[in-house]
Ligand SMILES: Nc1ccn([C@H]2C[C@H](O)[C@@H](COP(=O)(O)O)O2)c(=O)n1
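What follows is a single chain, given as structure tokens, in the form predicted on its own.
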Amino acid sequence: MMVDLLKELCRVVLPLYPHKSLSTQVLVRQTPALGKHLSGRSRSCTSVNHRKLVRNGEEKKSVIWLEGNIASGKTTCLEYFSKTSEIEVLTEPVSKWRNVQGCNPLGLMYQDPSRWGLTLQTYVQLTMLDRHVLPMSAPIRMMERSIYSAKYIFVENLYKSGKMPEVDFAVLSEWFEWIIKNIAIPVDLIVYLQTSPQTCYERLKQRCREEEKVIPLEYLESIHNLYEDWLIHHKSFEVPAPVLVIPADHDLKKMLYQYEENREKILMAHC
């Protein structure tokens, strides 16, 4: 399986070529570490040179990451904005995580995270990278989660809970650091659906996805705390873009109202 993953990584990385510049704008909140992480970026739409690999000829467009806990309402949000013609929506490649040559690494990880955590997260890292470097088909891309949350939330949770050996964590961390150093992962805005773990747990039980039946409330609490430390309290990792927080404990009608209320902020993320 590792050989297949390396071949797939070569497929993703080799077509990438130097690009001229990228830009971003602060819309909601300038994080304490943002200046260091995005050295050279300012509060206006100014460009900086990036010595990273991006797809040849790809012009700067707006990229939004939709982040949140399991069952925080990401699918509903993506479906809502997918009806806007200028927005391209990319969901997490969960179908790939459920079927790698007939195997289900997602299900295996939930059953035995100590054994299968590295296997799944290596593939998650690869498939999320593939999502990030796909040529954009619209002026705005809204992406479900990111390679950053794959590492900062889910890999970190496995490691901190004692379910991932230190050597596995070190390998994934080195892969991640190499990727963000050598491949441009543009983002203009992070939309964080802030949901309580209890709400997520109730929603998760209602949708009855096979792999999620074994997820306890404690797991959702851990994921929630990692998201809060990263995107709200800025206690763990640098945040690569401004964050728009949308409270997401509400029912469908209220959530659709909130999405419409924040439409302009989201659509103007590239300015």
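Numbering starts at 1 and follows the sequence shown. These figures come from a predicted structure and were not determined experimentally.
Keep in mind that the form predicted in complex with the named molecule is missing from the display, and what follows is about it.
Contact with the named molecule in the model of the complex holds for all three of I70, K74 and R209, each having a heavy atom within 4.5 Å. L120 is the sole member of L126, I179, I140, L120 with a non-hydrogen atom within 4.5 Å of the named molecule in the model of the complex. L106 is the sole member of L90, L106, I87, A184 with a non-hydrogen atom lying within 4.5 angstroms of the named molecule in the model of the complex. You can rule out all but one of 149-157, 129-137, 170-178, 184-192: in the model of the complex, only 149-157 has residues with a heavy atom within 4.5 Å of the named molecule. Contact annotation: V94 falls within 4.5 Å of the named molecule in the model of the complex, judged by heavy atom distances.
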